[in-house]
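Next up: a single chain in structure tokens, the form predicted alone.
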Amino acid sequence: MPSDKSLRQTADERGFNFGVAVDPDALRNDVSYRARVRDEFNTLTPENALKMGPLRPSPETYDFGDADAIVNFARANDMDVRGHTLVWHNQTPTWFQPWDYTDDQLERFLREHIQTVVGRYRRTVDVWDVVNEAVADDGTMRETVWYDAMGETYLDRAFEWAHEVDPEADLYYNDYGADAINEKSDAVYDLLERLLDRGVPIDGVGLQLHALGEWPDCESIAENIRRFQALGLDVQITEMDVAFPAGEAPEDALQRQAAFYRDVVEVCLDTGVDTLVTWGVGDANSWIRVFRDFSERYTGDPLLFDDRNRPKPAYDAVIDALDG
């Protein structure tokens, strides 16, 4: 049954952080989008504005305009902020060419970037995805510019540098495809265990949970969450969306999508996970529609709100699960 309470009201009453990844242009220019963000969510993630590429228009310049707009909006509306992301192999600046740097210079470059960004948002960003997607799909360490220059210890240094600047922020490792028990999540588990053994200041792991085409089994998600928690790590669902293979959506697609959202929220409540973030507000803003490879493979309707930011059955299912 539809609730007379908003998603945000329900989440607040439950003590649950239900968040969304937001775009600064839509936040500024789309009244309906801005209202949904303000009224329905209590945690914000900048979708792209805190990534290295958008932040660094030139070697000597930072542009914090979009990131500031999102953080300021969150603070004005009593929302938490997840900072995404400090270290990633994608979305580096267009001018950044690794071969222009020695390994030592790359290490200094990364340290300066992390310290500058974390320093600007010290005590205003609550959680940082410090390192994003360091593990390849086959479970090996992803060969990136940072890995090539520093080896696996680039993760150690990244977490240490962030912690030095803001020891109050929670620091997370974030990845896709590691939501349930599988080869990749085994590798992520082993990686985080090594970091902890080396005394790296890591607080949690973010499971993105892009459920595209094949949806992970919820019992396996719960088992996976519990083993990370047994390491002493917090777990958050950080980028959830739910889509079908293109051309294969069943007649009851909206109901099946709603049921999966409900099941994942119930897994969170059962395992003590207190944060779930969807990767976008309404279907019109889904990243799946932007990237051709994904738009050709999956349906472009993976979120809680439709193209006109109207609630879908998944929205009611989430509220129902949180309302218990």
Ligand code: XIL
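Sequential numbering from 1, following the sequence displayed. Note that the structure is a prediction, hence the values are computed from the model and not measured.
Just so it is clear, the following notes concern the form predicted in complex with the named molecule, a form of the same protein that is not shown.
Shown here without its ligand, the chain is overlaid with the named molecule as it sits in the predicted bound form; no ligand atom lies within 2.4 Å of a backbone or C-beta atom, and the site is open. Each of 51, 133 and 210 places at least one heavy atom within 4.5 Å of the named molecule in the predicted bound form. In summary, the region of this chain contacting the named molecule in the predicted bound form, judged by heavy atoms within 4.5 Å and restricted to 178 to 186, 215 to 223, 202 to 210, 97 to 105, corresponds to 202 to 210.
The closest heavy atom approach of residue 279 to the named molecule in the predicted bound form falls within 4.5 Å. Though the partner is left out of this view, residue 77 does not reach within 4.5 Å of the named molecule in the predicted bound form, counting heavy atoms only. Mapping the unseen interface onto this chain, residue 291 counts among the residues with a heavy atom inside 4.5 Å of the named molecule in the predicted bound form. Under a 4.5 angstroms non-hydrogen atom cutoff, the named molecule in the predicted bound form lacks residue 121 among its neighbouring residues. Interface residue among 72, 140, 153, 91, judged by heavy atoms within 4.5 Å of the named molecule in the predicted bound form: 91. Screening 64, 33, 260, 287 for any heavy atom within 4.5 Å of the named molecule in the predicted bound form leaves a single hit, 287. Scanning 32 to 47 for heavy atoms within 4.5 Å of the named molecule in the predicted bound form gives just one residue, 47.
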